[in-house]
Each structure stands twice: as structure tokens, then as C-alpha cells.
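For reference, the chain that follows is the form predicted alone, supplied as C-alpha cells.
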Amino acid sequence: MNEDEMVVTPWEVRGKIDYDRLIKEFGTERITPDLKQRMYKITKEKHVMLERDYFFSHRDLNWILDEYDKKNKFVLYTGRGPSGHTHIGHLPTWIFTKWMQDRFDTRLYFQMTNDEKFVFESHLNLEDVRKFTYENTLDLLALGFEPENTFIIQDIEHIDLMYEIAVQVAKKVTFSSAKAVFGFDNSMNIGGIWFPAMQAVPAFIHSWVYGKKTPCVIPCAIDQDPYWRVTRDVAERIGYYKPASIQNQFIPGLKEGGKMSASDPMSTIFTTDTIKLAKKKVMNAFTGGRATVEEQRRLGANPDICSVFKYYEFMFMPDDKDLADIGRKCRGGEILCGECKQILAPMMTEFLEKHQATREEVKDRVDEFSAARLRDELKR
């Protein structure tokens, strides 16, 4: 297989990613300037991840804004499959979700799919996925979420809150449909085949608990879109709105090609990495530089394929003038890759130091965010 061939599934992302092709193949819509301006009219501020097309496609966002204009508020739903420690590539989606939560004054249901990781990952046991659920929760809370409007659903622990909706979803999804969407074959265990019904649940749980159909928006990486296609297909047949979604690009790994992945530790900066190790990873990162200093001074480098520049673009350099300046210097050969890494490294380590300190501060607050609180709502 050609190493540049694009593969994008909920379990694997590799090759050269063509986002226009993904929009066409998945059937999403490009986020237009007009749609951004419509959002900004409500949020009263722009967001760098929208402005720079990190969030680039959507389903039904115009309908969501129509409903919002009618005073019909939506809820947010995103999540994490806790198969390892959180890495930097996971955080932008959560950061943007926090911005939407604050700007639209709404509730977030955050799903920790510990059941998924247990049934799909042969090397993980139940103790592993529970440990990573806790560790990943600390990273979420360190971003500033508050318990008043944030409910963390742990699939295994909160199955009593999920099962009634899940069986309704499962009844409407045939095995042939699941095979067509997810590529399941006879080697897949029945837990994996069942799981899409569980991943649909948070899109409907607010409506179920409170007895009123409520719109839902799912911020997510585009590789997770197959789950929402199934969810949308069954939604109206079980009495709920189709969830809308807004899809983001992948944060690239520090090596050439592909997204940041926990399966290759040196391509990934984990939130739990030591400052020394994080700096080492940045200094070893793949760039768009030339083979020699002389050649780069003469011909310039290519920031479009540089992982260092991507971190500036999506997280660490929000000022457009600063970003344009470093891009110009890169293309013109005025700055070498080592110098560019020396700029990113302290930005990355400063972020990690603050994030890790906040992780420590929230360790005694995890239970405050538990979706178990919804059980009390059901009794009312």
C-alpha cells in the first residue's frame, strides 16, 4: 500500500489527509465565512480555530443557530476513548468545546468510552481503562470546565443511565448497516458491534432525562463522523432530533505524516510528559526544512508540511501578524528549523507546566462532575 494513501476511520488515521475529499466522502459541509459570522454575532468574539479552519466542516450548524435564535438552546457532546494518557492533539477539540459552552451558555455531556477501549483494545483490561478514565478526566477539568454545566459520563459505571436509550438505538441499526459503515467482519467481538449504540446515547440523554427534545452539537475530529451518521439515521425514528456536529482537522504528529498518536510516543507530547522530555520531542520534530543550511537560506522551507508551524497555527500563536511573520521568514530562508523549534519549545513547556499544576489542583474535584447526578434528575 502507498504510504501516502489516505486512511481515515474511527480507529486509524494515516497517509496524506485531503480534507476536501473527506467532506465529499463523509457528506459534511464546509464551514463558510458567512456561517462563521453568524456564530460570531452570537458569541461576540472570534475564535482562532474557526478563523484558521482547524474546525472546517459541519452538519446542520445553520439549523442549530436557527433554533438558538428561537430561544431553543442546544447541549454539547464530545468525549474521549481512555486508552492511554491525554496528548496535546486531544486538547484543541476540548478547548473549542469550552469556548462554545461559555459563549452559548450551555451544558456539556462528556463521554468517557471506557467500554469501547476495553472491547477494541486487546492489551487493555478493566483496571487500565478505569485508570485512564481518571487520568483523562484530570486533563479535561484542567481546562477550566465547571460542574454546574459539565457532566462526565463513564460508560461502564453509568450504564443504568444509558441502557434504555442504547437499546432503542441498537434495535434500529442492522448488522449489515454497521458492517457497511464501520467495516466490521466476522472477527469483531460482539462488544464492538454493540458499541455504536452506546456512542449515540449522549446525543439524546438530555432530552431523555428532562422529557423535552433538545438539539445537540458534537465537536469532534472528522474520523469519528461514522458514529454520528448512524446516530443521525436513527434519531428521528426513536423520537429525538438529529445531532448536529462540527468537525476539526487532526493535530499532526511530530514525525512526518499522520496525526499525533499515542501508539508512537516520540510523535506525541503527552500532558504528563516531563518538561525535559517534551522539549526533546519538540527539538526532534519533523519540519519542512531543506537538506542543508545553505539550501534553506537560498530556497527557504515549507511551513505547510511542518509540524512545528502547525502548533503555532492552532494553539500557540493566536496573533495573525506573528504567525504571518514567522511563515514569511520560514519561506524566505531567514529562519532555520532549529531556531523555529527554539521558539516553540518554551511555549510548549510553559503550557505543560501550567496544565500539570492545574491537574494537581483538580484531583479532589472529579466526583463533582459525575453524570451520576442525573439519577437525581430522573427521580423528580
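Note that this is a predicted model, so its numbers are computed, not measured. A residue's number is simply how far along the shown sequence it sits, counting from 1.
From this point on, the text means the form predicted together with a small molecule, which you will not see here.
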Exercise. Hey, with the small molecule in the predicted bound form, do 80, 113 and 219 all fall inside the 4.5 Å heavy atom range?
Worked result: yes
Seminar exercise, completed: Answer key: of 74, 145, 228, 208, within 4.5 Å of the small molecule in the predicted bound form (heavy atoms) is 228
For this session: May I ask you to choose, among 117, 310, 158, 279, the residue with a heavy atom within 4.5 Å of the small molecule in the predicted bound form?
Result: 117
Exercise. Is there a heavy atom of residue 268 no more than 4.5 Å from a heavy atom of the small molecule in the predicted bound form?
Worked result: no
For this session: Answer with yes or no whether residue 106 is in contact with the small molecule in the predicted bound form, where contact means some heavy atom within 4.5 Å.
Result: no
Problem set entry | residue 137: touches the small molecule in the predicted bound form, heavy atom cutoff 4.5 angstroms | no
For this session: Indicate whether residue 86 is a 4.5 Å heavy atom neighbour of the small molecule in the predicted bound form.
Result: no
Problem set entry | Interface segment, criterion being heavy atoms within 4.5 Å of the small molecule in the predicted bound form, picked from 219-227, 236-244, 181-189, 296-304 | 219-227
